[in-house]
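Below are two forms of the same protein chain, given as structure tokens: structure 1, then structure 2.
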Structure 1
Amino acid sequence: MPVVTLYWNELEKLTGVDRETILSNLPMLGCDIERIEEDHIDVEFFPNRPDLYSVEGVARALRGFLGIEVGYKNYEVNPGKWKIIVDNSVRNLRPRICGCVVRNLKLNDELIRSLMEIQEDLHWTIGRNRRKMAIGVHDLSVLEFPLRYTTVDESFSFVPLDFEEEMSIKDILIKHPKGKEYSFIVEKFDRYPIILDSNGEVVSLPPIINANRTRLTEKTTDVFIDVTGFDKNVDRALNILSTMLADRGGILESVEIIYTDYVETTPDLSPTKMGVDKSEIISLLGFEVSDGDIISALEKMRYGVSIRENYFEVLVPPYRADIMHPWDIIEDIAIGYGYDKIKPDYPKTSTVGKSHEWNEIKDIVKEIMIGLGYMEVITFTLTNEEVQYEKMRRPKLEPWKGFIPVMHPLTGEHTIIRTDILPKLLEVLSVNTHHPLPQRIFEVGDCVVEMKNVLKIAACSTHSRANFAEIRSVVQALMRELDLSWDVKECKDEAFIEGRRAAIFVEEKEVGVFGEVHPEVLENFEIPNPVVGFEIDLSKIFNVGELI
């Protein structure tokens, strides 16, 4: 989630209240204050509120929340003479473009920094790392309109931002830091979308980099913003940026976008209308709330609102990218009303509790094992084939039929989900050789076999005289306590010593194994003392309940 740096001097100036008031109210608007410093605070805003990624947006919301300036805020867009002609060739690459001209700005360091930060945050959130949407902000005075949004091939060259030499697009994608970072978006392109001015000079190579010559300086007063992408996220980003600059005293002028078959004027800063039933508000919130409270809450959250017989017609500001459903507005009513003012009420819903069979069996087995002197451990279910099979001298199961491999593992340690617990216990013993013996441990828990969870219990004991008889006694006790009649047969599990290993059978079904762990396995796990152990698949014996 984006962390936004807000400078006290700007925040206090724009909201008109002191630090204390800001600090106590901001979290109740929906954010986490990460750090409080002398000159700034770092605040983490939720990804659904990109309109709060700038000090202007935060101030606008806070002024409403504090009742200083409430209700819908109208933003004027003056008709501009600016045009962008869109070539058909962008249609299959990056079809949509929007623009806005903002005049009369005082571009100081603070504003330039704020602009750069919000661009980055919008690129990351709405833009999904520039894939769905990318923004360019330019010095209007160097551009000759009308602009053309068209495509060129990779040999086309210009001077990219922060460089002094002309570079071909091909080189930019390989050498320019931004080119390297975002080349993945255009890697399958044979032609590249580009914005040119009427002199043929480059404005921007979206979504990669602007031309160096359009960069903002402290002398810049008028800017042109372009946003490219695919869908309404393009408009959302432009609306957030243009309203933010209007709050800074900028005067907005529209840009005409001329596609081959239609013409559009941007930005469109008219509100969206959404209706909300009073009954739905009360139902979702779970308590009675008066019309007055609803209206006041909505206005604090900067909505426009009019009421008609238990029906609220709400004007949603153009910078709100998150309002998809009336419930989104109802949440804002709750926030505007104040979460701290809502009286919690335990629901009357009456039901009878029931635990899951899986865990009931787990609990009984735990009780027995602890009674037998075995300490419970828990381990990761993520593991690897080496630990599960190779070190155990066991044949590797087949992927999918046996274990499941994960894609893109982060380490060689965690490439599959365990099918057996015993190897995990040997791992535990191998990191605990410095602790006094005997060590007796068990784990009862989930393994994943053929993509389904199964419930297994494994236990092992290590000390200088651990032997077959010891572990057989334990298995006998466990089976007796579980009221199971069982049998053993010779088994071929190479993890154990031949002649000191046994397969456990319940009702003719092989359910587990026990024995003296083979010295080569001990060597593999670097365990210096004899180990005896067992493992039983409880889901083959008991009804472990429904698994979703």
Structure 2
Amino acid sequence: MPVVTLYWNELEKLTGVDRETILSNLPMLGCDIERIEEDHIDVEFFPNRPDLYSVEGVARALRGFLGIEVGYKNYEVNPGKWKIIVDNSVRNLRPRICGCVVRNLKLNDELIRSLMEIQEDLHWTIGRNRRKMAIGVHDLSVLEFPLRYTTVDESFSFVPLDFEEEMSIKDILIKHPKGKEYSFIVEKFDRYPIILDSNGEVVSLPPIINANRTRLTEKTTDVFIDVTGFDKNVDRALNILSTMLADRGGILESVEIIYTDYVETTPDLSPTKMGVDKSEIISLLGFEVSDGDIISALEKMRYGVSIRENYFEVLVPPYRADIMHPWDIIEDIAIGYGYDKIKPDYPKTSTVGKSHEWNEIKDIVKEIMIGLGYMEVITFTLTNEEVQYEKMRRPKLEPWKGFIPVMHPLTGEHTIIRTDILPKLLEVLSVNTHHPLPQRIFEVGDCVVEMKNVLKIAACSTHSRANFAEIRSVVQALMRELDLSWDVKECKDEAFIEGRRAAIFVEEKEVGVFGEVHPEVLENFEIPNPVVGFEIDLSKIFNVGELI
């Protein structure tokens, strides 16, 4: 979760209260105070509140929560003369762009620092490390409008930010620090999105780097913000940035985005409307609350609100990217009402808890593997078909019958729920090739096979002399400690080398596999040394119950 540095002088000036009041109320907004220093405080916010990633956003929320400035705040956007012409060539690369001009700013060190920090935090969170959204902030005085959003080839050159010499795009992706860091986003492109002004001068190479000529300085008073990407996250990021700068006294002006088949004007800072029924509020909160308390709580959280026959119509601020359902508003009602005012109550039924069989066997297996010299790792249960099947040389299972696909995956890396753990362990080895050998790791965790949760244990070892005998001895030790009689039979799993692989049987039931990982699999994962490994389905051996 993002950790935001808030400087006391800025925070006290923007909120109008002292640091003791801030310290006592800030956690009530839903954050953790990491550390308190003489000149600043470090605060960790949840990813669902990107509007709080700046001192301006925190001050706005605190002013509402403390009753200093409550209710919906209207942000005026003046009509601007600024235009961006979008070329058709970007449609298959990075199709969406929006912009805003902010005038009459006083860009001191604190504001520039705040602007750069929220920019990077937004890139990481709603931007998904710049894949879905990237932001550029520029000195308006050096730009000649209209701008053009188009594409160029890798030989196109300009002077990138923090450099003095001109570089081609190819060289930027290889030599520039930001180019090297984010080249993975555009590595499959043969043309690259770029923003040019009317003189043909470069404004930005999204999502990689801005041009050096547009950089902000303390002399800058007017800025232009561009945001590029694929979906509504582009507009959400622009709304957060433009309202943040408006809270600093900036005057907002709109930018006209001219596509080949339609025209739109950004930013759109009008509120969205959402209705919440009082019965649903009481049901989720778990206690009775008056209409007046609900309205007061909503206004403290900076919503606009009106009521009609136990139905609340709520105006959601344009910077609140996290409000997707009435329940999100009800959560804010609880925050605005005050968690400290909610009286704890004993549940009407009492039960005695006990460990689930699933967890009991996990703990036993973990203790055994650690005793055998293996280090536990925890990987994501979300993965993709390439890692689970193609790289492992295994036949792809049928969706839903074999594996569970993710309906709306955020990235191409997380499109299915894993059916096996061993491929995830090979991923871990592939990104740790720079560490000393031997490396011995294991994981015991959940998989989903044929629409059912199963509990599996997988382990692997890599070093120059890793062989079949080594991994067989590990399996043998594990089975002995689990007090299991087991046998091996011929195995046809193509992830392992023929003749150096075996299927594990317990009571005539096939429960797992072990052996030397096939060289082609190692090449697919870019692992330079031999690897041996095993994977066992514990659900087929023990009565671990159902995972709810």
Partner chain sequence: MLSPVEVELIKALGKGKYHLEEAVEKTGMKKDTILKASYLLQEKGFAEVITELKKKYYLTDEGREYLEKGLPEERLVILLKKGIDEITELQKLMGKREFGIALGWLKKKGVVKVENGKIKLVKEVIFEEKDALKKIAEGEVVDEKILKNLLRRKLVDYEEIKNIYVIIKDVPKIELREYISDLTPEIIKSGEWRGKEFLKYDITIPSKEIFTAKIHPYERIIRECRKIFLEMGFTEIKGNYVQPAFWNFDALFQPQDHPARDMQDTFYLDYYVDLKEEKKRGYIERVKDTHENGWITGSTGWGGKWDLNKAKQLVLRTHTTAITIHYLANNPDPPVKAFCIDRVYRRETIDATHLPEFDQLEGVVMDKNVGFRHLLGLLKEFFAKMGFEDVRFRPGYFPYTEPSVEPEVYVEDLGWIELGGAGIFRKEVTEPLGIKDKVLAWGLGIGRLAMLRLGMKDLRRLYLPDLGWLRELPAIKR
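Owing to the predicted nature of the structure, the values given are computational and were not obtained by experimental measurement. Take the two forms, superpose them, and find the largest set of C-alpha atoms that agree within 1.5 Å; that set is the rigid core. When a residue number appears, read it as a position in the sequence of structure 1, where counting begins at 1.
Annotation: structure 1 represents the form predicted together with its partner chain, while structure 2 represents the other form. When one rigid part swings against the other between structure 1 and structure 2, the hinge lies at 349 among 200, 483, 434, 349. Note on conformational change between structure 1 and structure 2: two rigid parts, with the smaller rotated by 47° relative to the larger (from C-alpha fits).
At residue 358, the distance the Cα travels between structure 1 and structure 2 is 7.4 Å after the core is superposed. Here the two forms are laid over each other by their core, and the C-alpha of residue 345 is off by 2.5 Å between structure 1 and structure 2.
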